[in-house]
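For reference, the chain that follows is the form predicted on its own, supplied as structure tokens.
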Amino acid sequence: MSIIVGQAARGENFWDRTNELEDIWNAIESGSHILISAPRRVGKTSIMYKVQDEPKANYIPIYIDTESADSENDFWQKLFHALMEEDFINKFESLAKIFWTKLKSIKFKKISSSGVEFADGEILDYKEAFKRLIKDLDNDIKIIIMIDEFAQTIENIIKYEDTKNALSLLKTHRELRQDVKISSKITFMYAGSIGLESVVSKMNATKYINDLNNIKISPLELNEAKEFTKKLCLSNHINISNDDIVYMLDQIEWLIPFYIQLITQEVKRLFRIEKEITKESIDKAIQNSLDYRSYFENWHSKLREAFDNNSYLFAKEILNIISETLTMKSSEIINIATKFKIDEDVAKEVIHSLVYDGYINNSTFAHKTQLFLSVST
């Protein structure tokens, strides 16, 4: 098992998330459409790749990252082309000859930046072309369309087009999920590094995703994290005691694979130099890892992108305070919101985003913020 930092883990480098994968496949087989819910860096993309790399019989998963889509049409164009890519079509050929033959028989006269002209002369934009493509396919096999960074796509469309177009995309997806013929052929799975729930809540559009089966991806349990760390160290020839593994995990606290691998990477470097691992060297490894700003800059930039200036300053002050005190009274949160001229509803939205996206993960504080979100003070 290699140490993977910053990239999705695949193959032998993937630490099997048995319960989460079972939940996902149970939802797929029951006909549900899925929202994978977890803060950033917990491993959502790696799990989606696992579904793609090891599908069950009669399912063909396709992974699409739509983070770069800046318009509604751009999004549908990416989905359409993903279905027409050679690698994807080859999966049809190898897994279901009849299904592949049907896909191959669909004739296209012209494909341009604005849409698709079919052989029968019908000209459709990419949204409608995608619908027709799916409806023209037989039901021998079900396609799982896994859309990563969907929430970021919605925010991009708001920024570069307008809220109306973003709402249109959300509405269309719900219509597709509610269409019996399409749902018999496709399962949609959504994930991303910012919370879709937070994004649609700010748009008052929660009703467009309330049909999704929400599957939460949690940090590793302590025993699982111990086994993961032990295997990681063994594979990388790091001689470390069980007590030191426990100490390292205790210092990390939030047991997500990214943090464990990041610290283990630095532990490996120190072991190569010092030839032994001690609690002091683990402390040093953690401090050294914190100096690699590139691993954490994404967290800061996402805050700037997600909030306007006052909300950003409010969020930053909240995070600075709780990083020192670990707790805050709801009255203190309101006072800081007032300082930055933010009303209570906006403050609640910001706090919700911070909890959901993993900026706030201390269980005691998270519990208190949930109370703050649910009651007025």
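One-based numbering along the sequence shown. This structure is a prediction, so every number in the text was calculated from the model and none was measured.
One more form of this protein exists, namely the form predicted in complex with a small molecule; it is left out here, but the text below deals with it.
- Looking at 328-336, 347-355, 313-321, 37-45, the stretch with residues near the small molecule in the predicted complex, meaning non-hydrogen atoms within 4.5 angstroms, turns out to be 37-45.
- Residue F258 is the only one of Y208, F307, W76, F258 with a heavy atom lying within 4.5 Å of the small molecule in the predicted complex.
- E149 is the sole member of E72, E149, D244, E266 with a non-hydrogen atom within 4.5 Å of the small molecule in the predicted complex.
- Taking non-hydrogen atoms only, F188 never approaches the small molecule to within 4.5 angstroms in the predicted complex.
- The small molecule is not drawn, but in the predicted complex it has a heavy atom within 4.5 Å of F14.
- Contact between A9 and the small molecule in the predicted complex is found at the 4.5 Å heavy atom cutoff.
- By the criterion of a heavy atom within 4.5 Å, F271 is excluded from the residues contacting the small molecule in the predicted complex.
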